[in-house]
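Shown below, as structure tokens, is a lone chain in the form predicted on its own; questions about how it binds or moves come after it.
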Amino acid sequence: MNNLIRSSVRCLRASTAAYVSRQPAGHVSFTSARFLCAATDMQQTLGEMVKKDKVVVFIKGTPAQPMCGFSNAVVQILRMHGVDNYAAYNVLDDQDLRQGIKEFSNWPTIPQVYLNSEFVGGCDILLQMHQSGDLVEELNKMGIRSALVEAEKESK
């Protein structure tokens, strides 16, 4: 009981309270302060996660063992550009993380890619950026030299 009270106080201090809404026909919908607080905490945690590293990906599996083709494609694109130092979060390990990141980005699918704390998109968008050369430009802005550019210079 004390934990619930502490949690509620924390939520109220964070300007989060219970949400009660009247639905048509007099039905009342109630969401507990505890649930809202957990959701608020998750959103705050996700905000901190995407800011920790220059490149952050939320994938199914790990970079060493992606568990879906789209996540594998994201890992391979980053690998082709020589981006080895990035944060990768396996959404299959935590359903709250999986749902939370979708709500955080307002994007319904995984994988999700963040560059310099900004949401870029999923596999298709990263692939388009790779094909158009935009990914090289974005990496340069972050101080990351693309291995593809370096390899191209060496071949000339």
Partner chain sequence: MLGRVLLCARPVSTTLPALTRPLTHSTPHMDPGLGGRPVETAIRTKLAGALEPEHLEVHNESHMHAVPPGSESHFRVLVVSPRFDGLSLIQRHRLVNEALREELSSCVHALAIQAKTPAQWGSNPSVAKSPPCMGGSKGDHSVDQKLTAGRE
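This structure is a prediction, so every number in the text was calculated from the model and none was measured. Positions refer to the first chain, counted from 1.
Although it is not shown, the form predicted together with its partner chain is what the next lines describe.
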query: Partner proximity in the predicted complex: Pro108 to its partner chain, non-hydrogen atom cutoff 4.5 Å; finding: yes
query: Close approach of Gly47 to its partner chain in the predicted complex, 4.5 Å, heavy atom; finding: no
query: Its partner chain contact at Val55 in the predicted complex, heavy atom, 4.5 Å; finding: no
query: Asp96 within 4.5 Å of its partner chain in the predicted complex, heavy atoms; finding: no
query: Non-hydrogen atom within 4.5 Å of its partner chain in the predicted complex for each of Phe70, Leu148 and Glu152; finding: yes
query: Contacts with its partner chain in the predicted complex, stretch 120-137 (heavy atom within 4.5 Å); finding: Val120, Gly121, Asp124, Ile125, Leu127, Gln128, His130, Gln131, Ser132, Gly133
